[in-house]
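What follows is one chain in structure tokens, specifically the form predicted alone.
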Amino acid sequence: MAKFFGNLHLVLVVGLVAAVAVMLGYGASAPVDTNSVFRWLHAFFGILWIGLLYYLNFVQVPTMPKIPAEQKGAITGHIAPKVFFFFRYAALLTVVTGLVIAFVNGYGHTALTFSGEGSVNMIGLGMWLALIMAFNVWFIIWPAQKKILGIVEASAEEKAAAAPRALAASRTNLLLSLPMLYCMVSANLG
């Protein structure tokens, strides 16, 4: 049992097989179609993205100043690069799956332009907030973190300047995640 749970990829494959079994087993009451599969993927990637956003803001960033200098290399050299890999690709895949859902269901353009009503406009607001957040991940946080973590060459001054930019963008995403999540769970679109 320990060997099974020690293998992340095996656990993910078995989880995927279990999800497919549920889809097939309950297909009569919950049809499996493009919409349902993309909603499931959107939820998975969104949980991964926002979960890592909250991990970074609630755990890693506040804890780093308390970690002795000789131990910080374990975080910056091993954990943080992996976190930021999953963080940025979860952001990308959340946005892509969300856009697919919106366009498959016929409200993508209407939501993005706020030319619908009620829940469509609420989804549009959530989409725009998520797009801003994904932009922050890819074009502010990640470039700054590459300098901070030593993935790209940067002087001490460049690293010092990158840290406040990364923190401000990350905290902006934390702030925007709250109304974005409200929009997404409250719109109740088909």
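Numbering starts at 1 and runs along the sequence shown. Keep in mind that what you see is a predicted model, and the values were worked out from it rather than measured.
Omitted here: the form predicted together with a small molecule. The next part is about that form.
- Only one of Leu131, Val37, Leu149, Ala163 lies close to the small molecule in the model of the complex, with a heavy atom inside 4.5 Å, and it is Leu131.
- Proximity to the small molecule in the model of the complex, defined as a heavy atom within 4.5 Å, singles out one entry of Met64, Ile47, Ala28, Ala156, which is Ile47.
- Interface membership of Ala80, defined by any non-hydrogen atom within 4.5 Å of the small molecule in the model of the complex, is ruled out.
- At the 4.5 Å threshold, heavy atoms of Ala169 stay clear of the small molecule in the model of the complex, well away from it.
- Residue contact check for Leu181: one or more of its heavy atoms lie within 4.5 Å of the small molecule in the model of the complex.
- A residue is said to contact a partner when one of its heavy atoms sits within 4.5 Å of a partner heavy atom; Ile141 fails this definition for the small molecule in the model of the complex, lying far away.
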